[in-house]
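In the block that follows, a single chain appears as structure tokens, in the form predicted on its own.
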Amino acid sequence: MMIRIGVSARHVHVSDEDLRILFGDGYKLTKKVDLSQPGQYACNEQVVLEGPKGVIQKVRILGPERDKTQVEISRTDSFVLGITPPVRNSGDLEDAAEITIIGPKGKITKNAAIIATRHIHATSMDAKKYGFKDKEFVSIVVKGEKGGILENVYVRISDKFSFEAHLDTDDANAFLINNEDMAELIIK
């Protein structure tokens, strides 16, 4: 069973309220390019992330707006910023690290930084076809010069999704993975 890989670079999901603070009253996100997941897109808007030890410039916002602001970074990014975010599923901000997000009109500081869990987006038809369940953990095998097994890949099922495994840049770099590379899916 093969699955396409999407490499997820550092990014920010922003709430309407925080978008107003960062970019000004009445501001609306503008689409730069569609992403692989239906309805999701990279925005033209970028922000600065600031931590106790450093900053990361030009961090892209992904749209559309969310209920809660969330910053997804890699472990390597966390060293630059001087924070220790937990590994969490998207939307789970329990114990999220404090981070400052700076926009052109203002800044916010909140507990919003996480390292996203490796995960698979799948439809109910994909789940039936491959025999896995929502919120299950699976593994994927990457071939190639620095191939290996990635464990603890969380399965997320929704008929709004497109079948794809998402890894952060640290995982992708460690295994020499590029966007749209293929991996073998292993159901535990």
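Quick caveat: nothing in here was measured; it's all calculated off a predicted structure. The numbering used is simple: start at 1 and walk along the sequence shown.
One more form of this protein should be noted, the form predicted in complex with a further copy of the same chain, which is absent from this view; the next part is about it.
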- Task: Please check if residue 168 has a heavy atom lying within 4.5 Å of any heavy atom of a further copy of the same chain in the predicted bound form.
- Result: yes
- Distance check, residue 76 to a further copy of the same chain in the predicted bound form, heavy atom within 4.5 Å: yes
- Query: For residue 115, is any heavy atom within 4.5 Å of a further copy of the same chain in the predicted bound form, or not?
  - Reply: yes
- Item | 4.5 Å heavy atom contact, residue 152 to a further copy of the same chain in the predicted bound form | yes
- Find the only residue in 52, 131, 39, 148 having a heavy atom within 4.5 Å of a further copy of the same chain in the predicted bound form. 148
- Task: At a 4.5 angstroms cut-off on non-hydrogen atoms, which residues of 1 to 38 are near a further copy of the same chain in the predicted bound form? List them in order.
- Result: none
